[in-house]
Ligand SMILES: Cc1cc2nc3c(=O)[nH]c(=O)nc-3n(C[C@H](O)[C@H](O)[C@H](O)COP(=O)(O)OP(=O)(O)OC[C@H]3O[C@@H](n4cnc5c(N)ncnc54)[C@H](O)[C@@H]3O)c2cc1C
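Read the single chain below, which is given as structure tokens and is the form predicted on its own.
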């Protein structure tokens, strides 16, 4: 007698979200990852759940929007089931605007957001203030959006693993696949199908701005976690030799973050992290039927938006695996021309 209806290979946020959603619907699931939970990119520090700009709408942006709206209930349910704080908070985001042209563009995007975000979140231009948690802005204006949220990556991923077990599933380091198999093996799995890995480095500072908006400045995410720390990230390195080491590239990220946001000057650096994020050629997640493993499924390629995409990834994959209902956008399929481009 089979122990599992579904086996998920990989205990990162995509794999565990699929397993959790399937278990919620009554499936017997097991998750197998020899390296353990959150051993790859899902074990990072940043946890920015930030939307794409509200313009040039496409399937990827619509999918991400739906997932970000789902996130509050998704993570609240995980926390309630497990008694674990996932670090989720929808506190919005501030972005400084460089000049008058950037202000005009941001105001045009505010009009798009009013339509595309369905009244569920706002994107607005407002004057910068002298408040401590406000990024310096050359134009004296900032964008504030209310869709962005944050999560503590490691805590959230481990909470998902506990949730799977609470629903009767198993999370293992070793075992034989049984039932339907979903491959969610991150960077290694992505390289098998023509994608690659992009190294990222991030830092964690001791600075308490809990409940404040996240910041996006100089291409950096500055994330005030609820536990009194601030995460700064990250690099995007296509060429690297050691996937897990931090180096001068992270020092540069920290220096740029302090320059963009001087209130962090002097804050103690309490952790440094490096890891490799799975990236498809399309930069979109790769979901659905596996392109090279007959009869199997794939959920991979979160890259920089994995945690933001995870709630809906779990939903559409469970729909496909359990109900044979395929709601995956065409651009997310490994067979799509976008992926092969």
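Only a predicted model underlies this, so the values are computations on that prediction, with no experimental measurement involved. Positions refer to the first chain, counted from 1.
The following text describes the form predicted together with the ligand, which does not appear among the structures shown.
- For the three marked residues, 36, 42 and 201, a heavy atom of each sits within 4.5 Å of the ligand in the model of the complex.
- Looking at residue 183, you'd find a heavy atom of it within 4.5 angstroms of the ligand in the model of the complex.
- By the criterion of a heavy atom within 4.5 Å, residue 61 is excluded from the residues contacting the ligand in the model of the complex.
- Contact annotation for residue 285: none of its heavy atoms lies within 4.5 Å of the ligand in the model of the complex.
- Contact annotation for residue 277: at least one heavy atom lies within 4.5 Å of the ligand in the model of the complex.
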